[in-house]
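Quick heads-up: it's one chain on its own, the form predicted alone, in structure tokens.
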Amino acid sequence: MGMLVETEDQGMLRDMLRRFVEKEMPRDRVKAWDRESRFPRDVHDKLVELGLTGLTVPEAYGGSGRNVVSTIIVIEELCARSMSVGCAYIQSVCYAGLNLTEVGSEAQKRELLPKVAENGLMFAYGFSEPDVGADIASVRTTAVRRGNEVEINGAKRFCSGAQIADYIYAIVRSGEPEARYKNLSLVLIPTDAPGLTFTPQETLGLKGGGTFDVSLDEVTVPVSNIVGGEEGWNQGWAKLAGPGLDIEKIEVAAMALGIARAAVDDAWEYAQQRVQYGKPICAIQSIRHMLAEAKTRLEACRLMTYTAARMVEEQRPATVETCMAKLFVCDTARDIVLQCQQVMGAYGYVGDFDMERYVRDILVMPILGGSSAIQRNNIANRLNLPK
């Protein structure tokens, strides 16, 4: 369906992923991962074996080259079945692979990119803090150079997947707070470093990788762990505000698209099987209209997500389009899922069906990766709307 035609390779990739999902991620297993908030490392390892964590790693470092559209296809297909598997994949291919490729030093690329492609190495983002959300330039976690080491003190919040990750990719204050954007650095903090304490946060959805409060008490890392090497000191904002942010917005759109697609598929199927008054409920006009509208909105979400992904892949300016995709797809996908829950009535609310999990997972999508309000600001500002 749709006007955006996938290449033959992309179509084969999607077909392969759907077979993988049915075999390795059956619904009963996914339910258990959600119930127990468990990350299935064995499934992640199988994605690595298929070469799927190499989709953002240049061939020189053991990957298959930077392929944004294929990466988004994988995210959509995995998240349509399990956020636990989908989020871990993003931690590997996007948080680690894309960021290292774009802003890592040559030494960091040589050391870590092969591990992304061959071992599924994962990063967790350490951006938010107890008093810092969208205003990243106000971070209070400090980093001080001491010879060949950097000492880090502070606290990070909403550090998703921190305990399954190999490193926390953290933004820190590396100078006077008054300088704001000019005194920020990015550092790679190994998750087994002494001085780190992880406190899990209970969440409504996104079970599996977990999200954590992380406290950093005299955590030391070598200077070589400054992202970009020594030259990266105090250059954190420039590195953070690069193309990686555009891709993060379409990652989240792809997650939301996957969940919404799964909800539409389940509601579509349910409406044909559920019989009331002697006929399937899909014969009832109000149900037909809800399903037709859900399919239509889903197609709009798909078009926006993949149009933005293609622009990023072709390295065209795409900040407005990625903000628009993040805003529209995440808000619309939430509405689609809630509408599909209505189609299933009480069965959309009970644990026997996956719909209640889709609802729990979709509710965070307009918040993740920059809230809908932030995206509206970004769009107005980028289109030079006077203040």
Ligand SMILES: Cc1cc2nc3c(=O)[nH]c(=O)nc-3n(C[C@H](O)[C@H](O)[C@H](O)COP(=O)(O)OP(=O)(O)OC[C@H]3O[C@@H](n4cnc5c(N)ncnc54)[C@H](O)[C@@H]3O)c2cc1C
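Note that the coordinates shown come from a computational prediction; the quantities given were computed from them, not determined experimentally. Each residue number is its position in the shown sequence, starting from 1.
What comes next is about the form predicted together with the named molecule, which is not displayed.
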>> Looking at heavy atoms inside 4.5 Å, which stretch does the named molecule contact in the predicted complex, given the options 258-266, 277-285, 110-118, 132-140?
In response: 132-140
> Looking at Asn99, Asn225, Ser128, Asn183, which has any heavy atom no more than 4.5 Å from the named molecule in the predicted complex?
Replying inline: Ser128
> So which of Met311, Leu206, Val221, Leu240 gets a non-hydrogen atom within 4.5 Å of the named molecule in the predicted complex?
Replying inline: Leu206
> With the partner left out of view, is Gln10 within 4.5 angstroms of the named molecule in the predicted complex by any non-hydrogen atom?
Replying inline: no
>> Just checking whether Trp233 would be counted as a contact of the named molecule in the predicted complex - the rule being heavy atoms within 4.5 angstroms.
In response: no
> Can you check whether Tyr167 is within 4.5 Å of the named molecule in the predicted complex, heavy atom basis?
Replying inline: no
>> Taking the named molecule as it sits in the predicted complex, is Val364 near enough to touch it, meaning that at least one heavy atom pair lies within 4.5 angstroms?
In response: yes
> Taking heavy atoms and a 4.5 Å limit, what residues of 367-387 are near the named molecule in the predicted complex?
Replying inline: Ile367, Leu368, Gly369, Ser371, Ala373, Ile374, Asn377
